[in-house]
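Just so you know, structure 1 and structure 2 below are the same protein chain in two forms, each on its own as structure tokens.
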Structure 1
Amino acid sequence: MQELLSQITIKVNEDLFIKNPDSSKLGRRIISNSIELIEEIGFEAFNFKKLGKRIGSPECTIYRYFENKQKVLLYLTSWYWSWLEYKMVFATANISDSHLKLSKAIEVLTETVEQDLSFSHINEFLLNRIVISESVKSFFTREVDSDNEAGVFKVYKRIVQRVSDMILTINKDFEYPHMLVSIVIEGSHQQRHFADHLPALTDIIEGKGGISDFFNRMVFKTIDVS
């Protein structure tokens, strides 16, 4: 997979940047350092001044790439979902058994991510951690409707649709496939966050498995396959 992916560039919605960060060395430095910095200090404390200091450029230079820090987060999460869609499609391709296929998809969506060296300037391991603890902020804002209209959530929605279709293949009468899938995706993030910070709200232990198993069970039971 590594060789294959190294030939591929992930294209992110053009509304999210002013100048494509993938088009220059500085742009890629902005991305890789954003990931590290957000992961270190959290999105609230993250700003272009600190990022500029880290990469040795004034903040106005970063403003030539991104309108504001919210767009950076949207860029990162959009990139992540495109990357994960690719992984999911790859992992489920040519599986004829529909149960196994769905199970594999759920695993990709709920497991944590290891470092992937295909995209040198993006640390997928850290990006996964950012998505877990910060991405929810990108759709609980007042801009959600305009962002959505601009197509920012297109890939995310496509992932949900893909897995929904797998569910409908197994049970064509199930009425809530999108709901179930978005609960799996967001729920798995939330449970990992809880495991780290509010263990009373979960039953999984940090570092140990269990998340994928749980969601697999939940999905198959709920769509009623005996």
Structure 2
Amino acid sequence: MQELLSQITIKVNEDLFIKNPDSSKLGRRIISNSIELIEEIGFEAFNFKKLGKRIGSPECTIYRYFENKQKVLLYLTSWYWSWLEYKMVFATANISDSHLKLSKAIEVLTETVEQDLSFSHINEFLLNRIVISESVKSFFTREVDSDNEAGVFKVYKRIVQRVSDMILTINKDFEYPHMLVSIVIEGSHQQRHFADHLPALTDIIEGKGGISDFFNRMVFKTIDVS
């Protein structure tokens, strides 16, 4: 999988940037430092002035790449979902058994994220933490409908559709596949957040795959056809 992923270029919706940050060293520095800074101080405190100071470049140079900081967040979350989709596709490609395929897809969506060295300017571990804590701010906005029309959430929706199709392969009469997959994705994020900050609200034990196991059990019991 590592060799295959190393040959992949992650594409992000062009409406999210003015100049593709992946096209230059400065652009990649903007992305890598945005991830580090947002993870350190949170999205509310993040701004281009602080980012410019961090990368040693005038604030105006960042505006050549992004219109505002909301576009940066949308870019980062879109990149993450595209990366996760590739991981899921490769992980399930050679699995013919429908139950095993669905189980593996759920595992990919809910497992602990580690840094992928195939993309040197992206720290996927830190990016996952941003997605967990900040991604709802990408679609709980007044602009969500226009962003949706522009295709900003296309990859996220495609992931949900892929796993929904796996569910329907097992139980074609199940009425709520998209709802169930959305709950798995957002619920796993919530449980990881609880584990870090409100441990009394979760049953995760550090070092054990409790989240993936829980959501695998939940999905298969929910779609049970017996």
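Every residue number counts along structure 1's sequence, beginning with 1. Just so we're on the same page, rigid core means the largest C-alpha set that superposes within 1.5 Å between forms. The shown structure was predicted, so the numbers you read here are calculated from the model rather than taken from an experiment.
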- Note on the structure: Form predicted on its own: structure 2
- Query: Once the two forms are fit on the core, has Met179 moved its CA by at least 2 Å between structures 1 and 2?
  - Reply: no
- Query: Pro199: with the rigid core matched between structures 1 and 2, does its Cα shift 2 Å or more?
  - Reply: yes
